[in-house]
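Next up: just one chain, as C-alpha cells, the form predicted alone.
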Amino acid sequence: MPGEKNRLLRVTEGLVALIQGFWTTFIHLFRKPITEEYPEYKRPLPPRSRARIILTRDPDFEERCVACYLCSASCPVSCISMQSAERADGRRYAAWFRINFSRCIYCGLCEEACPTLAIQLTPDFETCQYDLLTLVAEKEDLLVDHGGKNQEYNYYRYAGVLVDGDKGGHIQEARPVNLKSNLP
C-alpha cells in the first residue's frame, strides 16, 4: 500500500508539472514578439559598458600614456604591448602601443590599472572582422583627441614632473614633516 501511494503521488506531481509547462507556453503564444532589427536599431548601452579600448589625451592635448607597463602587466591574456621612450624634458611616453583585440576579453583591468587615466573602455562594441590581423590596433588607431570620461584630469599636474621650489609646494601636496619634532 505505501508503494502504491508514492507512485500515485509521483504521477500526480508529474501531470501538474506538465500542465504548468503547457500553460506557460500557451500564454506566450498570444504575446506580441519583441524583435529589434539590429543594424537599423542599435540599443543604447550604458556609459559604463566595456568594449573598444581608446587612448586619451590630457587637457593640453598631450598623450596621457607614460608607458608604465601597468596595463600590460594587469592584462590576463597579455594582449597589450608597448615600448617606452623619454622626451628631452624628462616626460615619458609610449613610442609604440599595440593591442590585439582578437585576444582581448574586455575585462577592464587595464583601465583600472592605469594611473594616468590614459586607457579607457568605450561602449563601441562592433569590432568583428574576417581577418584576425586587422584586429591588431596600433597607437595611431587608438589615440583620440579628447580626454574620454575624465576631460580635465592631467597626470603631470599632480605627479611625474619635478617642480621648482621646496618639497610640499606641489598641487595638493602637504608640507613635509620634521622627523626630529616627533622625538620625545
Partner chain sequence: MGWLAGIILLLIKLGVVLVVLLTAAAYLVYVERKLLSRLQIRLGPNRAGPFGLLQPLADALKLLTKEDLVPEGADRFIFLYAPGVVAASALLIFAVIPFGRGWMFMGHEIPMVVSDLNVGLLYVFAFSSLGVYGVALGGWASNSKYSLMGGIRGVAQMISYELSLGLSLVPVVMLARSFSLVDIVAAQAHYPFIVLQPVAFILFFISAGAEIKRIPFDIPEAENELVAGFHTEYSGMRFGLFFLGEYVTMVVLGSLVAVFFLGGWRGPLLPPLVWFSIKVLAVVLVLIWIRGTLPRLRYDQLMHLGWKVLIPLGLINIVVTGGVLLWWGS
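The structure displayed is predicted, hence computed values, not measured ones. Positions refer to the first chain, counted from 1.
The form predicted in complex with the partner chain exists for this protein as well; it is not shown, and the discussion that follows is about that form.
Note that among 52 to 60, 117 to 125, 144 to 152, 36 to 44, the stretch whose heavy atoms approach the partner chain to within 4.5 Å in the predicted bound form is 36 to 44. The closest heavy atom approach of Tyr130 to the partner chain in the predicted bound form falls outside 4.5 Å. Residue contact check for Thr25: one or more of its heavy atoms lie within 4.5 Å of the partner chain in the predicted bound form. Proximity of Arg48 to the partner chain in the predicted bound form: non-hydrogen atoms within 4.5 Å are absent; the residue sits far from the partner. Leu18 belongs to the set of residues with a heavy atom inside 4.5 Å of the partner chain in the predicted bound form.
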